[in-house]
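Starting off, we have a lone chain in the form predicted on its own, written out as structure tokens.
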């Protein structure tokens, strides 16, 4: 089995780009990854691209060969759709392909174009990642679903609403602080805890700043075998050493727990076992904070905290940039932005930059050697976890 190295990464600015097409955005990210890696396009043997809503947002299906063409590729191309975990799955399958020896060079990533529609239209499009028969028809949206999960968390662990909101506001404020120096982030500005608490409600107990924004953007990661990296003298010091995926029941009412995310539990356990590590070995993490409560659930599923203990981590300073375990140094989905089909690839790209030392927040974790990414779909009915490591 071949080892897998991250040879290059590429990102567009995450934000509002209604004048640009999805193919244009992905081509920018893909070509940036190619330049970062120093690998010729002709060497790319496979394209794995994540996309959730292309047929809805752009009226365009059969996206993968179209995106490959836009990027200048002439290789087999496949689109992966797993809601917000689409690009995470695309990367996972690329890792498995390289490991198997089927290919030495695979480009993986994702793209989403969302701001060309208004908020109600985007909300309706995103809702199809829930159970259409038993949730969507009842009027459930994702802010409402995550609000239910936040309430269940508070009820399960005896937390009053004021403390819950304060701790969630600390998550939002932390991630905005992290996004300020990130040139790819949608919101490069401070958000105080007080501002987060004073924001209008969206779905109680979640307010406006507990929710990630609507975002356009693309990500690309060029993965190569260790043998290819050595033969071509590539500077590819970051390796993907663990990958895992999990699933859960789709509708919230069918789940055993609303305050836990078993799909992420399983994905993390699989990835840690694959990498031969446990949670204590992790130095830094990028997690799927589509809502502030989602970050709390993520850091518990990843084994950093026991159930009920993750909520206060940001307030206590433990997951801040200068804490013991920095989480979402990119700004996370909350402040960097969440172009749904691109997010999982973006997390890998940001973690690779952090570990190799060229991210604007790399100095906060100068000695970091092991990073974890956590990408979730819907209300975590699907989850993908990767372990990245600075190779010896």
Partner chain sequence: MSDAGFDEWLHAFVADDGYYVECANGHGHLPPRRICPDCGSTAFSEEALPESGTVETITTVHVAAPSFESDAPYDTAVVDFGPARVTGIVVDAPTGAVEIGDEVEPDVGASETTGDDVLVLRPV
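Positions refer to the first chain, counted from 1. Only a predicted model underlies this, so the values are computations on that prediction, with no experimental measurement involved.
Beyond the structure shown, there is the form predicted together with its partner chain, which is absent from this document and is the topic of what follows.
**Q** Go through 155, 231, 273, 235 and name the one with a heavy atom inside 4.5 Å of its partner chain in the model of the complex.
**A** After the contact test, the surviving option is 155.
**Q** Which of these residues, 282, 159, 202, 193, gets a heavy atom within 4.5 Å of its partner chain in the model of the complex?
**A** So the residue touching its partner chain in the model of the complex, by this definition, is 202.
**Q** Within 4.5 Å of its partner chain in the model of the complex, counting heavy atoms only, one of 184 to 192, 127 to 135, 222 to 230, 68 to 76 shows up; tell me which.
**A** Among the listed stretches, the partner-contacting one is 127 to 135.
**Q** At 4.5 Å between heavy atoms, is residue 253 in contact with its partner chain in the model of the complex?
**A** Answer yes; at least one heavy atom of residue 253 falls within 4.5 Å of its partner chain in the model of the complex.
**Q** How about residue 266: is it within 4.5 Å of its partner chain in the model of the complex, going by heavy atoms?
**A** No, residue 266 sits far enough from its partner chain in the model of the complex that none of its heavy atoms falls within 4.5 Å.
**Q** Taking heavy atoms only, is residue 144 within 4.5 angstroms of its partner chain in the model of the complex?
**A** Residue 144 belongs to the contact set for its partner chain.
**Q** Answer for residue 123 alone: is it within 4.5 Å of its partner chain in the model of the complex, judged on heavy atom distances?
**A** Answer yes; at least one heavy atom of residue 123 falls within 4.5 Å of its partner chain in the model of the complex.
**Q** Is its partner chain close enough to 139, 148 and 258 in the model of the complex that each of the three has a heavy atom within 4.5 Å of it?
**A** All three within 4.5 Å in the model of the complex.
**Q** Suppose contact means any heavy atom within 4.5 Å; which members of 289 to 319 contact its partner chain in the model of the complex?
**A** Heavy-atom contacts within 4.5 Å come from no residue here.
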